[in-house]
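As a starting point, one isolated chain is supplied in structure tokens, in the form predicted alone.
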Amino acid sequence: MMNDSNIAMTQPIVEIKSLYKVFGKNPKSVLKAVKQGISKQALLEQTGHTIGLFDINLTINRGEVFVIMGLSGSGKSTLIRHFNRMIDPTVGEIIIDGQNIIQLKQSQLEAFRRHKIAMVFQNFGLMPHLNILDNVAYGLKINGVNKTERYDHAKRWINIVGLEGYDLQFPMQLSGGQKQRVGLARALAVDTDILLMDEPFSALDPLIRREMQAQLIELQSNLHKTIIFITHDLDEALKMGDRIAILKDGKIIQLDTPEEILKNPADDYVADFVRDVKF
């Protein structure tokens, strides 16, 4: 786990209530059948609709590293995109800092994305025509921070993530690990309350991936950000998470601490994941 066990995390910053996501031409027309338990395959065959998420209920505490884990098609990337409303639910509530963000108008949503939540992407998401300094400072520029202040702040984060001296390099000149450090610096520079990380290290080779995990753990020990971390890798989930939600076919199968998941898997599906883990 990333945080010490004696850190009490009792302040929810995120609440997801009875959230469903159905993909198709008229999702609400099939919602009753979904809630009654029609299978994903049957719904697709009968209606052409697909169940993305099924009755998701969870809370995420302030300062917690919350891992959402699952195999391809489990719904984990669909779920994380609900936190910043890149995807809207078919039905359900998304409450962040006491505010139901489903009710936000477009201008309010844009402000929410700028100031409350930042994202680190699997494919880095850097702008190739900008140098590293301008990439890291980009969010600050959008937020109206003056040039001197945003560059000073961006340089600080570039140094913190271990890229001192790379300010004027361009993304194409960097390795995969270095690009991801730039992405992390850019997200941290805007100082949002919540950091979304969608399989941020999966494109990296194993050695660099371990280095990035270690760096994030070190940063988190000082920052205590609320981090929502997506992965398909159990070892990474166990290493990074204070709590882990395991998804399968859009449903949460188990939500617990790493220790409890290892000791008391909820069903055979979870047991298969943890079978070879030594503890």
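Since we're looking at a predicted model, the values are computed, not measured. Numbers follow the displayed sequence, beginning with 1.
The discussion below concerns the form predicted in complex with a small molecule, not included here.
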Just one of 216 to 224, 27 to 35, 44 to 52, 58 to 66 has residues with a heavy atom within 4.5 Å of the small molecule in the predicted complex, so point it out.
44 to 52
Which residue, 142, 109, 95, 71, has a heavy atom that falls within 4.5 Å of the small molecule in the predicted complex?
71
Heavy atom within 4.5 Å of the small molecule in the predicted complex: which of 89, 75, 171, 177?
75
is_contact(residue 40, the small molecule) in the predicted complex, heavy atom dist at most 4.5 Å:
yes
